[in-house]
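Coming up is one lone chain in structure tokens, specifically the form predicted on its own.
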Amino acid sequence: MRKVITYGTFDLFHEGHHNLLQRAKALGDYLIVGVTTDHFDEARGKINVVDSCLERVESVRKSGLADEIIIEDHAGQKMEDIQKYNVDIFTVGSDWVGTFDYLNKFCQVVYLDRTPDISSTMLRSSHFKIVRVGIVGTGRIAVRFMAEEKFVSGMNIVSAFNPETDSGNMFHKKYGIKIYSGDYGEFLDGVDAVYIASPNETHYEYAKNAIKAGKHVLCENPIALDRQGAVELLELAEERGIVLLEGIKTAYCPGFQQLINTARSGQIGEIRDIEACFTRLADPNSRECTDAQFGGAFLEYAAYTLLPVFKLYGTNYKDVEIHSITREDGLDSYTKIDLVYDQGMATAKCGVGVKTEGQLVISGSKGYILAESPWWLTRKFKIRYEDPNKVESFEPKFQGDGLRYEMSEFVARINKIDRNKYLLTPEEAIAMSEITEMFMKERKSRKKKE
């Protein structure tokens, strides 16, 4: 008798899960299914599991495909179970390709192709909908988005859109999902929501057309290159009951919220200065280093550095000045944004061709908060005081590269779980686009003078 074993969360049990179990069963004579505990799911990075462990076990049992169901609750258990149950084949979905190759020493490892197009029809009565997502753009951010999908319940990436067929074909070859290159409307017909990861200048039109088609939108920043565009998109989404979320991932990371709340708590006194820096020596062939009109440091990273400023001071600044170091073609390799408020000052610095210490410093009347690079992922931060021996250290929980937090928030809002709307407010999104508009006008003015 050939024994097969597979593992999973099996949250919001759907056709994709059923198909995987069916194909796993076909590999042998006896199928063992390991269902993860809530605690182990959290430890391995699954951040928004909806069903309890018992509910998930019951879903697997009702499928009628499992000969035996076990509980997975710790790292290393797969190896133990394979030996304990004399397993011949270990199998999981293809989104884990390569991860479990080490188990080949104990049994055959088989990765099963993903089910690209599923629906919620197999769900028991539940208010939580599985959201079919289409990706607009197939570049490096889209690749990272695909990698994070398996850590977010309630989301299924079913297709992608890219007018550039070569890039789209490569994406299809890697992930097996359907690619559209012509009719954007046809692409929208097959999804409930879109993730827009295309070049900056295309965000507004792609988002607007998706909202008009009744599709929810998660859009990389900036959602628009001017204030009017941002206001229009947010009002249109509100009118039509559509979720529009700007993808500044730092805003959705729990550690960043802890840092902001610590600053607001009064522990460092009155906040008088904020300095946020995000620089990276980008690949000279990357879009941000080659697109003189819509690339550069500001459009790549300014939103991240402005975020803590708006969170702590608000959006009603008194004055703003933008200074850039630009190349001959007008692309900014380094930009500083100086903001003045009634209560204090702030500097937001970003670079793609200049490297500096990428830290966040929040200075107060009693002490200061220091979050070292990469503070935008907020894995740790410290409070320091006049007494150099008095230091408080914080290490918030952080999973993956941060994308899964914004993905989870997006799914939650679509399912009418709106408790975290404060994470990135419409006012903050509009202020981001307002300063972006100032920057774009200055860039245009510089080019005219040249």
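Quick caveat: nothing in here was measured; it's all calculated off a predicted structure. Heads up: residue numbers just count along the shown sequence, starting at 1.
The same protein also has a form predicted in complex with a small molecule, omitted here; what follows describes it.
Enquirer: Kindly confirm or deny that G93, R114 and K150 each have some heavy atom within 4.5 angstroms of the small molecule in the predicted complex.
Expert: Every listed residue reaches the small molecule in the predicted complex, so yes.
Enquirer: Hey, of 40-48, 62-70, 385-393, 409-417, which bit sits against the small molecule in the predicted complex at 4.5 Å between non-hydrogen atoms?
Expert: Result of the contact check: 40-48.
Enquirer: Within 4.5 Å, heavy atoms only: does K78 come near the small molecule in the predicted complex?
Expert: Yes.
Enquirer: Taking the small molecule as it sits in the predicted complex, is S198 near enough to touch it, meaning that at least one heavy atom pair lies within 4.5 angstroms?
Expert: No.
Enquirer: In the predicted complex, does I435 come within 4.5 Å of the small molecule, counting heavy atoms only?
Expert: Contact with the small molecule, no.
Enquirer: Report yes if any heavy atom of N221 sits within 4.5 Å of a heavy atom of the small molecule in the predicted complex; otherwise report no.
Expert: Output for N221 is no: heavy atoms all beyond 4.5 Å of the small molecule.
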